[in-house]
Structure formats: structure tokens, C-alpha cells
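Let us start with two forms of the same protein chain, each given on its own as C-alpha cells and named structure 1 and structure 2.
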Structure 1
Amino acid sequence: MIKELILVFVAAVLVNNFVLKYFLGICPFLGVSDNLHSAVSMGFATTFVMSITAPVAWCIKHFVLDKLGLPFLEYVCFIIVIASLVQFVEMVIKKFYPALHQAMGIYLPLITTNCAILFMALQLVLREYSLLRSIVFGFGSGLGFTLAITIMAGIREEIEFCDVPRCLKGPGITLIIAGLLALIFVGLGGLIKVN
């Protein structure tokens, strides 16, 4: 049981990283990763939302939608859950960390439309995970997003001191770095095999 949970966690963080394998959550990945502090904060906010969305989505699926015979409402219910959680996170950050709220700007509300979170909720249903596996999967997926955005932010901060050709400055070099990171994470594909 513990071994299976560890495999689900490692697969979510490294092998099946939503950003670098499925290219989900690219908007905040590219938009917020120009500053390490903002990137880490966005990663932790997304991890929090994913960690809470996973058990809530699982409970809604099994205790409400399945019992009432309404599985076609999964998308709508999951979107409402995600939007509510993001609103909660935004209110907390705005109240306790106003500078961080201002630094994150438009990208904080964009967590609502972060397709990686909805993808995670739908994967729980498709993979038929138990509640415990869902919690581990949600947390691991969030940490995988945090890892990817933090690595990208660290590289982008260092690249400012490099002599990048003028034609590649800005989005060009950022996309090349994202592609190289994706290749690195694809290389981890043989590490473990988990659904």
C-alpha cells in the first residue's frame, strides 16, 4: 500500500509532470516564471488548490454524482470546486500577503482556468483512484507543477546574465528552455510505470 502511494507520488511529480509531459498549465508556467519568488508562490498556491481539489472532486464523484446517476456533470462540478478554491486562496493571499498578491497580478485568478487542475480532477475519475491515492496524486501533481515552474524561474533569472542572441531574447529562449526541460523529464519516463 505505501509502495503504491510512493509510486503514484513520484509518477505525478516527475514522470507524468503535467507541465512538461502533457503541456498543461503553460500560461502560468511561462507567465510567472520570470521571477523565482513569484514562481514558487504560484507553485505553492497551485499545489494547495490541487491538494484540496483532489479529495473534494473524489467525494463529489463518488458520494453525489454516482449516487444520483449524474456522471455527465463532472466537468461542471469540478470547475465550480476549482473556482471556489481559487477564490479562497486569492482572498487569503490578498489579506495576509498583499505584496505577493500584487506581484502575482492576473496570474493568481488564472489558476481557476489552469487546465492542469481540471485535468488532475478528471484523471482521478479515469484512473479510478481511491480517496487516499487521489490525495497523494493531487499533492504530487501540485508539487510537480511547483518543481517545473521553479526550475524554469531559476534558469530564466540566470539567463538574464548570459549573452543571448538578440533574435532569441524573451519568448524565444524561454520556449527553447521549456522544450529542453520537457526532454529531460521525458527521459524520466522509464523510471517507473504507473497508470
Structure 2
Amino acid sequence: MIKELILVFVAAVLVNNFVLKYFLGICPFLGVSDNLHSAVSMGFATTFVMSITAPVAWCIKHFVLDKLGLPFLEYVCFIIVIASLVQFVEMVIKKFYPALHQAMGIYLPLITTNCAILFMALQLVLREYSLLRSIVFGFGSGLGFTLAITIMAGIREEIEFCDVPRCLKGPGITLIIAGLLALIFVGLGGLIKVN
């Protein structure tokens, strides 16, 4: 049981990294990765929302949609859940942790359109995970996103002082770095066997 959970976790963080293998959350990955501090804030805000979305999505699927026989409302329901969760999380943080809200305030609303979260919710339904597994999967996926965006921000801060060809400045060189990072993560693919 524990072993299975660890496998799901490692798979979500390293082997099937959301950003570098499934191309999810590329917009914040390219947009917010120009400095380390905001990248880390964005990463943890996303992890937070993902960890809450996973169990909520699981409950909605099993207790509402399946019971009522409305599978075609899955997309609409999940996206509403994510949008309202993001709003809710923002309100809670604003009320109880104003300092934290100051640090990652502007990134919170952006999380709604992070495709990694909707993908995660749909996948845990598709793969028929149990509730516990879903939570681990959500948390691991979020950490994987944080890992990728943090590494990227670190590299980009260094590259600021390098002599990049003029036509590749900005997004061009960022995508090429992402390609090299993805190559490294392909190498981690043999770590464990997962579907």
C-alpha cells in the first residue's frame, strides 16, 4: 500500500513530470520563470490548489456525477470546481495570511487557466485512482511543476548575462533550455515502471 503510494508520488514528480513530459502549464512555465522568487511562489500556490482539487474532484465524480448518471458534465463541473477553489483559496489566504497573499497574490487567479490542474483532475478519474492515491497524485504533480519551474528560473537568471543570439532572445532560448531539461527528464524515465 505504502509502496504503491510512493510509486505514484515518484512517477508524478520525476518520471511523468507534467511540464516536461505532458507539456502542461507551459504558459506559467514560460511566463513566470524569469525570477526565482516568483517562480517558487507560483509553484507552491499551484501545488496547494492541486492538492485540494484532487480529493474534491474525486468526491464530485464518485458521489455526484456517477450517482446522477451525468458523465458528460465532467468538464463543466471540474472547471467550475477549480475556478471556485482558486477564488476560495485566494480569499482564505488574504484573510488569514496577508503576508503570503502579498507574496503570491497576483499569481493566484492565473492558476485557474493552468491546464495542469484540469488535466490532473481528469486523469485521476480516467485512471480510476482511489481517494488516497488521488491526493498523493495531486500533491506529487504539483511538486513536479514546482521542481520544473524552479530549475528553469535558476537557469534563466544565469542566462540573463550571457550573449544569446539576438533572434533567440526571450522565449526562443527559454524553449531550447526547456528542450534540454526535457531530455534530462527522459533519462529519468527508466527509474520505475509506470503506465
Partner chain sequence: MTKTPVILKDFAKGLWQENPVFRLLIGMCPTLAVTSQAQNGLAMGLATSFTLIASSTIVSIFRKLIPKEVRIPSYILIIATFVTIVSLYLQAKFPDISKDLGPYIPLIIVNCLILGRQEVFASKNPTHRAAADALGMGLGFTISLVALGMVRELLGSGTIFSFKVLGDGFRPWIIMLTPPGAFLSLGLMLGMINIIDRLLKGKS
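Under this definition, the rigid core comprises the largest set of C-alpha atoms superposing within 1.5 Å between the forms. Because the structure is a prediction, the values reported are computed rather than measured. Structure 1 provides the reference sequence; residues are numbered from 1 along it.
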{"item": "Structure corresponding to the form predicted on its own", "value": "1"}
{"item": "Shift of residue 69 between the two structures at or above 2 Å (CA, core fit)", "value": "no"}
{"item": "Residue 126: Cα shift of 2 Å or greater between the two structures (core-aligned)", "value": "no"}
{"item": "Rigid core fit then residue 83 CA moved by 2 Å or more between the two structures", "value": "no"}
{"item": "Shift in Å of the C-alpha at residue 95 between the two structures after core superposition", "value": "5.9"}
